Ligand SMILES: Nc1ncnc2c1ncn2[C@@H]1O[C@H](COP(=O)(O)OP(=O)(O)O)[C@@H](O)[C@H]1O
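There is one chain below, alone, in structure tokens, taken in the form predicted on its own.
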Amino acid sequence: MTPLLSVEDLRVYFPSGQRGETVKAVDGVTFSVGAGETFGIIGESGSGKSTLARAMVGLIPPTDGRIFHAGQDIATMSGAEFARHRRSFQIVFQDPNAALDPRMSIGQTVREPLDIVNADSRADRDRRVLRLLDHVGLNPELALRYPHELSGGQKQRANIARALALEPKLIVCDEVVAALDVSIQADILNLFARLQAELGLAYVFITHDLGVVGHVADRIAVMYLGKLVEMGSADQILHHPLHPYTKALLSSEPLPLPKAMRTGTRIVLEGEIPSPVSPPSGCRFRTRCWMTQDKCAEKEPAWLKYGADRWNACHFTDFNRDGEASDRAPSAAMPPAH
């Protein structure tokens, strides 16, 4: 079956404006997302997640590589074709306040996509707006209010309603709960789960919070400095990580337990994530990795498959699990996603 979204060797570079340098925000990323699936992407700030999110829905043109929406290469579409096509691929941004126009009422904001495509009559569009607000858990009376009159959670629900207006097949969620109070985050995540069950939506869920991605994702990819370093099912990534960076992320997750009841040793990464202008040679994680050896600086680790739909990029994967040799040797280099 053709994936709903396929990303093949995607690269997104930006000129930095200093001495002709280039920011390699996304540097060779490949994955696919099936219909009805939730695909999580985790990583620290500066890893390229948000740039990847915008490229997936066509807001940023790729420097190289290809993006397929339901088997169609979006780079080959005319402007008019892409305008029609992109209705099925929407994005919800991190800051719910910045994503709303303060001069427009909530009803006008949610109706705007319908106005742009001139869907149905004005009265039909207004009725659809009220149904959308109700569907995301907002009182339809809020259609007459303005963004400054809503709470953060209500604003994000309005953004979700707007994303649903054109009946998309996939929604990219870029840190959609990061700016919300913890008490509101669970409500928004439950809303996404309900909408997926009712509408058959697929999600690409981008976050730095392992607790969030573990709650919603079917599969997870771990991103570091523009590249994927590990990918697998949520259970594999959260309970049996292969890559040292994934292990470090998991060990840093806070536990609601007294210190005496905690098990395992926290892995503390030294230093900051390197600059994407001049990433380290070989393995990009080597400057912060406790397992690094000469080979790590000399050669970039290959993106290899370990078992069913499990991928990893580390020279020493066979020795990453509990310090012993893994029983899953690499079986193949990754084929194109499309």
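Owing to the predicted nature of the structure, the values given are computational and were not obtained by experimental measurement. Position 1 is the first residue in the sequence shown; the rest follow in order.
Separately, the form predicted in complex with the named molecule exists; it is not shown, and the next lines address it.
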{"query": "is_contact(residue 69, the named molecule) in the model of the complex, heavy atom dist at most 4.5 Å", "finding": "no"}
{"query": "Partner proximity in the model of the complex: residue 278 to the named molecule, non-hydrogen atom cutoff 4.5 Å", "finding": "no"}
{"query": "Interface membership of residue 32, the named molecule in the model of the complex, 4.5 Å heavy atom rule", "finding": "no"}
{"query": "Proximity of residue 62 to the named molecule in the model of the complex, heavy atoms at 4.5 Å", "finding": "no"}
{"query": "Residues within stretch 150-166 having a non-hydrogen atom within 4.5 Å of the named molecule in the model of the complex", "finding": "none"}
